[in-house]
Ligand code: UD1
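As a starting point, one isolated chain is supplied in C-alpha cells, in the form predicted alone.
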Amino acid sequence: MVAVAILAAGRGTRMKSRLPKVLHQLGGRSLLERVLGCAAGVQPSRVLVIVGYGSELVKESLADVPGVEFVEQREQLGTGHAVQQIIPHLQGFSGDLLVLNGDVPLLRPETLDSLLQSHRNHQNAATILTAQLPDAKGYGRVFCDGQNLVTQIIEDRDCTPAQRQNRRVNAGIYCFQWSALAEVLPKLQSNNDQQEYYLTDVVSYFDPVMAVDVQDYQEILGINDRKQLAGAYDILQTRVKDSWMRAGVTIVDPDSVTIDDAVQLEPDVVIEPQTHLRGQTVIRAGSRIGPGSLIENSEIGEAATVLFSVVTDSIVNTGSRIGPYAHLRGHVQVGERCRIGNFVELKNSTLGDRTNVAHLSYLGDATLGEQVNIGAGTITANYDGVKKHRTEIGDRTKTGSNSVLVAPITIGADVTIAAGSTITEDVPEDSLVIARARQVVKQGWKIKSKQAE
C-alpha cells in the first residue's frame, strides 16, 4: 500500500495574493489539482492534503474530489513539522508514504511511479527524488556514492565552493517506509536559523537512503511567484503542443496558440495562429480551428471550421462552418453541414442539419429543424423580463431579413416569414406570414420649414 501526503499549507507571500498559492491556476487547473492528478497515477490507498493558510478555500476547491483527507497545520514550522501532523491520521498504516509539494505541478505520473518502484525494489528506508540542474544556485545539494546512496544533504548556503560544483539537488519529493518515518519524526529538532523542522533531517536516521534522478529537471521546478507560474505554463504548453504535433496535428504557429492538457485532438486537425483551446474540448479529425478562435468545453466534429469565433459549452457537428465573428454559448448544438456566419450569436439552441444562420442574428432558447434558413438580422425575443421562453422552427422554414420571433412561439415547417415581420402568434406549416404595417407613400409631402410658419 502507498499513502500520499501533499504539503499545501503555505500562503506563498511572493505571489502577492490573498489566494493560497496552491490554488493559483496553471492551464485550467490549480497547482494542487495538478499534483493530485499526478499522485492518482500510483493508485494510493490514502491521500492526505496538509492545509494551513486559506484552508477553507483549499477544502472547498477539492469538494468534488473523492477520497481526499485534510490535515490541519495550524502553524507553518517547516516541512518536517507539516509531516508530523499526519502521525495521528496514519495510525496502523504499514505501507509507504510519498511526500509531495502542492506547488510543484509539472511532475509526471511516470516519474512518481519510477520513484516508488525504485524505493521498493531496493528496499530503501527512504528514497529522494533528485535532479541535475544546469544552475543549482539556491538549492540544497545531494551527495551520493557510486550506487546513488545518499551520503549527505547540504544546504546551498552551507556548501564550500567545491561542493557547489555538484549539480544534483533535492527536489523535495520523498518516499518513506511509513513505520520507520513515524518513529523518527518526533525526534526532529528546530536548531537552525529559521527555527523550523526540516524533513531532510530525517535522512540521517535512515539507511539505506537512495537518490533517484529525474530525467527532465523541469519536472521538479516549484512555483513561488507569478514569473515562475508563467514559466511553468510555458513548459506545460511546450509539452502539450509537441505531443499533439507528433500525433498528427498541425499547429501553424505554436508560439501564438495555447492548448489545455485536458483537450483532445484527432489527426489532421489544423490549429491556426492565435487560437486557444480550453477545458474538456474535443476536436475531431480534419477540422480547422482559427485563426483567432477560442474553444472551451466544446466538441467540434469532423471537417468543421471555426474562424475568428468563440465556442463555449457547445457541440458543432461534421462539416459545419462557424464564423467569422460568431459566438456559440450555453449548450448550443449545431447539426451537420450548417453555416453559422458573420456576427451571429447562438445561446442554448439546437440547429438541425444543413441549417444556415448566415449573418447578424441572435437565436436564444430556440430549436430549429433541418434546412432552415435564417435571414440577416433575425432575432428570437426569448425574454419577457421575468422568464426565458423557447422558439420552435420547423424544417425548411425561411425567415426574411430583420424578423423578430417573440417567444414562446412555434413556427411550422415550410413557412416563409416576410422581411421585417414581428411574429407573436404560432404559424402553421406551409404558410406565408406577414406581420408588418402596410407601406404608405404620400407624394409631394415635405416638412414645413420654420420660415414658412
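Please read all numbers here as calculations on a predicted model, not as lab measurements. Between two forms, the rigid core is the largest collection of C-alphas that superpose within 1.5 Å. Residue positions are given as counts along the sequence shown, with the first one as 1.
Heads up, the form predicted in complex with the ligand isn't pictured, but that's what we're talking about next.
- Within 4.5 Å of the ligand in the predicted complex, a heavy atom is found for none of F343, T391 and R436.
- Within 4.5 Å of some heavy atom of the ligand in the predicted complex lies at least one heavy atom of R14.
- In the predicted complex, the ligand lies within 4.5 Å of some heavy atom of A82.
- Taking the partner from the other structure, the ligand in the predicted complex has no heavy atom within 4.5 Å of any heavy atom of L368.
- By the criterion of a heavy atom within 4.5 Å, G323 is excluded from the residues contacting the ligand in the predicted complex.
- Heavy atoms within 4.5 Å of the ligand in the predicted complex are found in exactly one of 283-291, 97-105, 326-334, 117-125, that being 97-105.
- Shown without its partner, this chain lists S179, T350, T250, Q76 as candidates; in the predicted complex, only Q76 has a non-hydrogen atom within 4.5 angstroms of the ligand.
- In summary, among the residues G375, G140, G364, G301, the only one with a non-hydrogen atom within 4.5 Å of the ligand in the predicted complex is G140.
- Along 154-185, these residues reach a heavy atom to within 4.5 Å of the ligand in the predicted complex: E155, N170, A171, G172, Y174.
- Y139: CA moves 2 Å or more between this form and the one not shown after rigid-core fitting.
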